[in-house]
Ligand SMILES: Cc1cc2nc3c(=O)[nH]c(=O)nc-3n(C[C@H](O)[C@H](O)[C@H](O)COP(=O)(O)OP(=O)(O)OC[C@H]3O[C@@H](n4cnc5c(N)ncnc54)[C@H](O)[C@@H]3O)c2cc1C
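We begin with a single chain expressed as structure tokens, specifically the form predicted alone.
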């Protein structure tokens, strides 16, 4: 960690886009911090026995001109492809969703494997302390972690914030999600696109065959469980959860040909509510911004957290903070 003009906690899509936007607006001294070993958050891809599978976001749709401009550029660069869907195309990264996040984070030099445990106000900004006891100061702070983690961090810090705005983020419930990952040698009955989200057993949100999706040389299957099922089974033993998921997927996947299996447990996956503005500033005098996929523009009719809401929230926060920084 280092002292910086602006620090962003959380290197998921919102954090990456906030950092890129600050740089594009002439704010060079930006620090991007994440507790994970890679950028991307739920833009996550796992390598399994020579194959790979997306086990967070599988695709994204485009409803805003803002994202459409980027999508056209990404397609020209060969970073993404139209996977399936009409009238709203589903786009996916050609090398796995985490590769798209890494490409967007190039040159941002993120500080990974660093968990911020407390924040306190300092002269002209904030002092951050990591789990290892390291400290740094920053003039402006943008937090893009899952909201329950943000709430916990702020409650354990010495920062004054607007109680009404704080309650807005505190009252958002975020559901968990399980994803079963299975390497199989046999053919699946998943459609040729590699994706199915209709006619599935209760509790299953979608299934993806990553060989058919075109990102894996091996047949790796992701089975996504919906939020209600995941909440119900979240505290159960991993082996039992995996067995239950396999049983639900048996009509689509030849589980007798399984070579390996893994389980991904997302503690915070999908917000049950949204906040109808692209970011919040929680402090009366200092730049303490909260952004992420839960923050939607008021005119966004989907009322649902997704790739695009995270993308636009990060850009909006970055633009606003860059304007404040230039005034100082």
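Note that the structure is a prediction, hence the values are computed from the model and not measured. Residue numbers count along the first chain shown, from 1.
Absent from the display: the form predicted in complex with this ligand. The rest refers to it.
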query = Which one, 100, 215, 221, 179, lies within 4.5 Å of this ligand in the predicted complex by heavy atoms?
reply = 179
Selected contact from 116, 245, 141, 207, since only one has a non-hydrogen atom within 4.5 angstroms of this ligand in the predicted complex = 116
inquiry  = Given that this ligand is not shown alongside this chain, does residue 60 nevertheless sit within 4.5 Å of it in the predicted complex, heavy atom to heavy atom?
reply    = yes
request  = Please check if residue 306 has a heavy atom lying within 4.5 Å of any heavy atom of this ligand in the predicted complex.
outcome  = yes
query = Does this ligand get within 4.5 angstroms of any non-hydrogen atom of residue 146 in the predicted complex?
reply = yes
query = Does the 4.5 Å heavy atom contact test between residue 51 and this ligand in the predicted complex come out positive?
reply = no
message = Counting any heavy atom within 4.5 Å as contact, can you tell me which stretch out of 22-30, 40-48, 282-290, 255-263 lines this ligand in the predicted complex?
response = 40-48
key: Residues in 1-25 with any heavy atom within 4.5 Å of this ligand in the predicted complex   = 9, 10, 11, 12, 13, 14, 15
